[in-house]
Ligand code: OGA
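Next comes just one chain, in structure tokens: the form predicted alone.
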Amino acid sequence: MDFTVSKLTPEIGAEIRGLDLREPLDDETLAQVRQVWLDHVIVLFPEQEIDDDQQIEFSRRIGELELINMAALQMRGKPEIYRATNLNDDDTLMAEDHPIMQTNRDNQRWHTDSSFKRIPAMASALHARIVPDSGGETEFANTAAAYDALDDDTKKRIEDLVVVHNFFWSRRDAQEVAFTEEEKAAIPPVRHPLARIHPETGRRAIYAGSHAEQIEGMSWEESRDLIDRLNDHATQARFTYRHDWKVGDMVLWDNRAALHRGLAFDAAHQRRRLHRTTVAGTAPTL
């Protein structure tokens, strides 16, 4: 299948046109798409009129799927789909005090999906179904390019450091009523390398974000200072891309080399619903 590729920014992102993801990709085309994705960290497929089954099928061609850690966020009948939304099942606006609304606000912090799991996610694919008139964009940061731009002393300093990722640190504002005791127990704090080596490209990337709580062997103050400085470095404008969603857009990103965050919008009056599938990782990072 023929398709075209154009860069979104010099450091992150590519747009692929010419593919209809309602149809299965042949193996050669899929391998080419995967290489574009690995090279550019995120890939935009605009104007895709896919349904949930087609999104699930495409995502499974990348790898096995994982389920989001909170059943309340899974789509009824299709638990592989996480709905990033401010809408109830009947598409009415959620109340401001709904637990999921706080989760949505927490997702405005830079993070990488499932880094709070021992085997963190490989990829995520997000498809726009309903978008607000303004706001609600998603920003992405290339943490591999950000690592490459670090000075040599910082690279040496973080090379062997281990950072603890903790969902209940990054989501400490969320109402725990949204989680069952079993769900809480399933995601204890986990350890990852701060300078993570990508298993496919071999590049190192800064592996932090809002789930990163503390670095082993450091005081709380020193640990937080280094994590915050690395996050600030990785999310400079030069390493980032902001996507202004249009209905039908699908973005596939590499959680092993990217941070992302959703931006605010008028959630009390505007409707937004995007469907995400998450591709599971294949092995622990340590």
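Quick caveat: nothing in here was measured; it's all calculated off a predicted structure. From 1 onward, residues are counted along the sequence shown.
As for the form predicted together with the named molecule, it is not shown, yet the points below apply to it.
Handout entry: Partner-contacting position among N107, Q214, S210, T154 - heavy atom within 4.5 Å of the named molecule in the predicted bound form
Key = Answer to the contact question: N107.
Practice task
Tell me, out of E159, E137, D148, E200, which residue has a non-hydrogen atom within 4.5 angstroms of the named molecule in the predicted bound form.
Solution key: Spelling it out, the residue with a heavy atom inside the cut-off is E137.
Practice task
Counting only non-hydrogen atoms, choose the one of 161-169, 77-85, 184-192, 201-209 that falls within 4.5 Å of the named molecule in the predicted bound form.
Solution key: Contact-bearing stretch, as computed: 77-85.
Practice task
May I ask you to state whether R256 is within 4.5 Å of the named molecule in the predicted bound form, using heavy atom distances?
Solution key: Because no heavy atom of R256 falls inside 4.5 Å of the named molecule in the predicted bound form, the answer is no.
Practice task
Flag A14 as yes or no: does it have a non-hydrogen atom within 4.5 angstroms of any non-hydrogen atom of the named molecule in the predicted bound form?
Solution key: No.
Exercise for the section: Considering only heavy atoms, tell me if L126 and the named molecule come within 4.5 Å of each other in the predicted bound form. Expected result: L126: contacts the named molecule in the predicted bound form.
Exercise for the section: Answer yes if any heavy atom of H40 is within 4.5 Å of a heavy atom of the named molecule in the predicted bound form; otherwise answer no. Expected result: Judged by the heavy-atom cut-off of 4.5 Å, H40 is well away from the named molecule in the predicted bound form.
Problem - Residues within 4.5 Å of the named molecule in the predicted bound form, restricted to 269-283 and counted by heavy atom - result: Residues within 4.5 Å: R272, L274, R276.
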